[in-house]
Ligand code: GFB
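Taking the form predicted alone, here's one chain by itself in structure tokens.
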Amino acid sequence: MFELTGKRVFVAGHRGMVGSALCRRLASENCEVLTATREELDLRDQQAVETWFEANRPHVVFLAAAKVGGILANDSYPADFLYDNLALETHVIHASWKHGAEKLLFLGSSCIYPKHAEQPIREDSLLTGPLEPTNEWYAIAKIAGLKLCQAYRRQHGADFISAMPTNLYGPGDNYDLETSHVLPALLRKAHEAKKRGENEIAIWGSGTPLREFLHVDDLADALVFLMQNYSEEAPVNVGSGEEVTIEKLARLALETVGVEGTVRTDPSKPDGTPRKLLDTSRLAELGWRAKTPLREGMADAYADFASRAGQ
């Protein structure tokens, strides 16, 4: 077991949903959590990253920083998604090795897997088929980060590991309808429909694609668990094992917000990947499983959104 007690632990991306959840989780680990705001440290700036690592010398690095977004954002800003993510992960991984970090965990994404991968998706499905076109820029960057960790293990013996989470949600999520993922977008749509006295929300596509969702606090717990208990080259999937159609998710968003309404589909818009369920047997064999049911987790996420919206 890798001990975190007494270690300096850098959470890259601590203001994001995953990073802030990691900081909450690490508060009980008796370690020193290091953070840096974007104003203090631009991870896309190689010299700035080198200078910061030399000054702070973290023992442990959780690389949770990333430029993220949904289908619309990925389609609108492909260069930003590819460049920003390639730059920040390259700089942090290299500096972690160069300045003697004992261990690093790189946070990937389930979108790294082929669009038509066999379900549930195993870790060895990586690079066995074409990616989903609507988020391939982000996926390619994440694949590069995963492979970079593997390369530093092979060439330098660095204890760098990777975790691939499913779709995430929870406190600190992004609710901007231009850039958010589907679950927070649906919660906001339902919230605004309630404010306007309406009883219908619209969703992209047919509503039939199946998705798996994981509460961010469950992910943070899994990442700390992997940091302490896993040290191999292969990535590890992190998911809930619970699937739901997008249409049912939209109905659940209405229920969560307290709206008795209907869901209108728009088949002229893209569905994205038809089904995406991760095979989490590797993580289960290590001894970890998700704890938060979707209905309970969505209520928690909506309470966070409502408090930030002043409702």
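Each residue number is its position in the shown sequence, starting from 1. Note that the structure is a prediction, hence the values are computed from the model and not measured.
Keep in mind that the form predicted together with this ligand is not shown, yet the notes after this line are about it.
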| item | value |
| --- | --- |
| Heavy atom of N237 within 4.5 Å of this ligand in the predicted bound form | no |
| 4.5 Å heavy atom contact, N167 to this ligand in the predicted bound form | yes |
| S109, heavy atom within 4.5 angstroms of this ligand in the predicted bound form | yes |
| Partner contact for I246 in the predicted bound form: this ligand, 4.5 angstroms, heavy atom | yes |
| In the predicted bound form, the residue from L186, M227, L219, C149 that sits within 4.5 Å of this ligand by heavy atoms | L186 |
| Residue among L82, I71, L126, A95 with a heavy atom within 4.5 Å of this ligand in the predicted bound form | I71 |
| One stretch from 149 to 157, 114 to 122, 219 to 227, 201 to 209 that, in the predicted bound form, holds residues within 4.5 Å of this ligand by heavy atom | 201 to 209 |
| Heavy atom contacts to this ligand in the predicted bound form at 4.5 Å, residues of 112 to 139 in sequence order | N135, Y138 |
